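Form predicted on its own, single chain, as structure tokens, below.
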């Protein structure tokens, strides 16, 4: 064990937790990052992450971006609604940015952040399984199992970046959960036409289907209903690609190759409050969104960066970290961005995933109107890229 008391203990060593640890590096603020799993093996992980240009800037500031070996720029977003007219095309000029974002592999990003974290000599323990949290007015206590021993450590602030399991121990934090009754099938696929920097978001009655540029090919996020998910994932490659072509259409020609496929259920889950006594929530501990429009990870990364700024500003003002006043400031700063991201993605899913012909045509008309209004396109695209502040 490094020491037994820190300014901050971060629980959850995924990319969002690592981002917070890196943002606090070289600030004089002591932090410890606890991760339950060991380091992941190098394996095929088909999960794509669509990073906005805003997230790209954060990763640059954290010194992570140059460690990412592979990243594919998104130069255009093509949005359409199957079964109705109308489409919207977003470009960097619409948002006033050099590129809309990038697609990276989750495992690649994890490895790049881990490399930076270990090079920075941050206090970082893997295989540390947190079993209990306790707080009082002065500090928080974390109890965890590490190397077959029971350990205890204290900190001025406990940050939960673990996905929300530990927050169940906190009496005044509750979650609202909505089951979309949808599953996301994820894979890397190859089409007759190579990617040209265009990300496709196509809405269907079963849910959205996204094809993101990924090196020369595409990262697929295909929303399906629960009744068909097992059938689709069990199809052989030829039948899977034929089914995908039938569902997506002929815009990219036939699909001619697929990698490993995985599937996971889609829910909306968010904490009704993201702070408690000496505790703050970030990333999936604060909210889990539908993957439509690729907002979830970008929102979590902004959580981490904003919390780091609040902690640093508090220290610079010679105030104590983790007080109710500091946590209230953080909650107020994140409230608009988090709520806006949640409402935006939830509304997209519920509006566009329907069988009502009148509503379907209205959604198509809305896409056409949006495409003809540059100021509105700029407003929406900049908030997708940078969050509520735009």
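Positions refer to the first chain, counted from 1. The shown structure was predicted, so the numbers you read here are calculated from the model rather than taken from an experiment.
Below, we turn to the form predicted in complex with a small molecule, even though it does not appear here.
Proximity to the small molecule in the predicted bound form, defined as a heavy atom within 4.5 Å, singles out one entry of 106, 248, 200, 139, which is 106.
Just one of 327, 59, 34, 349 comes within 4.5 Å of the small molecule in the predicted bound form, counting any heavy atom, and that one is 34. In the predicted bound form, no residue of the candidate spot (97, 101 and 213) has a heavy atom lying within 4.5 Å of the small molecule. Residues with any non-hydrogen atom within 4.5 angstroms of the small molecule in the predicted bound form fall in just one of 191 to 199, 294 to 302, 75 to 83, 224 to 232: 294 to 302.
The closest heavy atom approach of residue 130 to the small molecule in the predicted bound form falls within 4.5 Å. Although the partner is absent here, residue 207 is not a contact residue: none of its heavy atoms lies within 4.5 angstroms of the small molecule in the predicted bound form. Taking the partner from the other structure, the small molecule in the predicted bound form has a heavy atom within 4.5 Å of a heavy atom of residue 264. Not displayed here, the small molecule is approached by residue 184 to within 4.5 Å at the level of heavy atoms in the predicted bound form.
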